[in-house]
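The chain below stands alone, shown as structure tokens; this is the form predicted alone.
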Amino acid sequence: MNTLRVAALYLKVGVLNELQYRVNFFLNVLQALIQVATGLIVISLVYSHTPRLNGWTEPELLSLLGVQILLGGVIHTFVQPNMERLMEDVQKGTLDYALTKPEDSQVLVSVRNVRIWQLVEVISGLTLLGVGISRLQTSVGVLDALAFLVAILLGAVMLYSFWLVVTTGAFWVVRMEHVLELFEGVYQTGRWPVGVYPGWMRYGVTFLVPVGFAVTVPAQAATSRLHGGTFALAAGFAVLLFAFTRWFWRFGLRRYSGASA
């Protein structure tokens, strides 16, 4: 409960800080509109030549795009700002302020910053997902909805874990910004079903950078395409990745020497 109170306090402070820069809201709305429009144009072009893409219909792919934008909004709102601050603290030796507090250090470095206006992406993603599901020829049941909620949570955990593992590398490598920028490019592969990629790339964007699990699996659940084996594999991978992240974070802290060292 103390952890939840700390996270809620940081969230409140972050929201208050963001409200000072309301022009960012309009900039993010414009960015989200361009993102959605670009995705819709590409999907329209693809399905003007074929009724299915690797077995996916147009409404199903629209749902996938919605999930990809939704999770991207979650990352940009809650994860990316904290990871950027963590890298900065490691470089400047100011991480001590978080490490000396009587709370789990991983929790603290993961909840200190929030960019509330990036939630525009979450809303646009949910909208696209809703439109895609409404156009499906098959109905989505209660079990599908529950599977989607669990899968989207697992996807968020996997992407957060990946970001923290990469950012923890700043304890060894001073400049990690370029690696995180590279992630943005790789994340765009989530706009398409992981099955459309060749084998080597499919495994890369599933197990090395878990975009395939994080995006495709929730989209499969939302469109009644998810198989139990795939869901179990995604859940198991999420648990293992999070456990590895906890260990790697503590291992990385041993390499840190801050301003108090």
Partner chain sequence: MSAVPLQQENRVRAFAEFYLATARAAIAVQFQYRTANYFYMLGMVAEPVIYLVVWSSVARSSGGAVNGITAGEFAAYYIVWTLVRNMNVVFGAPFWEWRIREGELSGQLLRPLHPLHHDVAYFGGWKVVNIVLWLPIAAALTAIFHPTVHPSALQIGVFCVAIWGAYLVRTMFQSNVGMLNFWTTRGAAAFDLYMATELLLSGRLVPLKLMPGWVQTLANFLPFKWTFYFPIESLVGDLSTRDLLVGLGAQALWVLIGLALLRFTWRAAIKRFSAVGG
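Keep in mind that what you see is a predicted model, and the values were worked out from it rather than measured. Positions refer to the first chain, counted from 1.
Omitted here: the form predicted in complex with the partner chain. The next part is about that form.
A residue is said to contact a partner when one of its heavy atoms sits within 4.5 Å of a partner heavy atom; W192 meets this definition for the partner chain in the model of the complex. By the criterion of a heavy atom within 4.5 Å, H178 is counted among the residues contacting the partner chain in the model of the complex. A residue is said to contact a partner when one of its heavy atoms sits within 4.5 Å of a partner heavy atom; N24 meets this definition for the partner chain in the model of the complex. When contacts are judged by a 4.5 Å heavy atom cut-off, G185 counts as touching the partner chain in the model of the complex. Contact check at 4.5 Å (heavy atoms) against the partner chain in the model of the complex: none of H227, T230 and V239 pass. Contact residues in stretch 27 to 48 (any heavy atom within 4.5 Å of the partner chain, taken in the model of the complex) are L27, L30, Q31, I34, T38, I41, V42, L45, V46.
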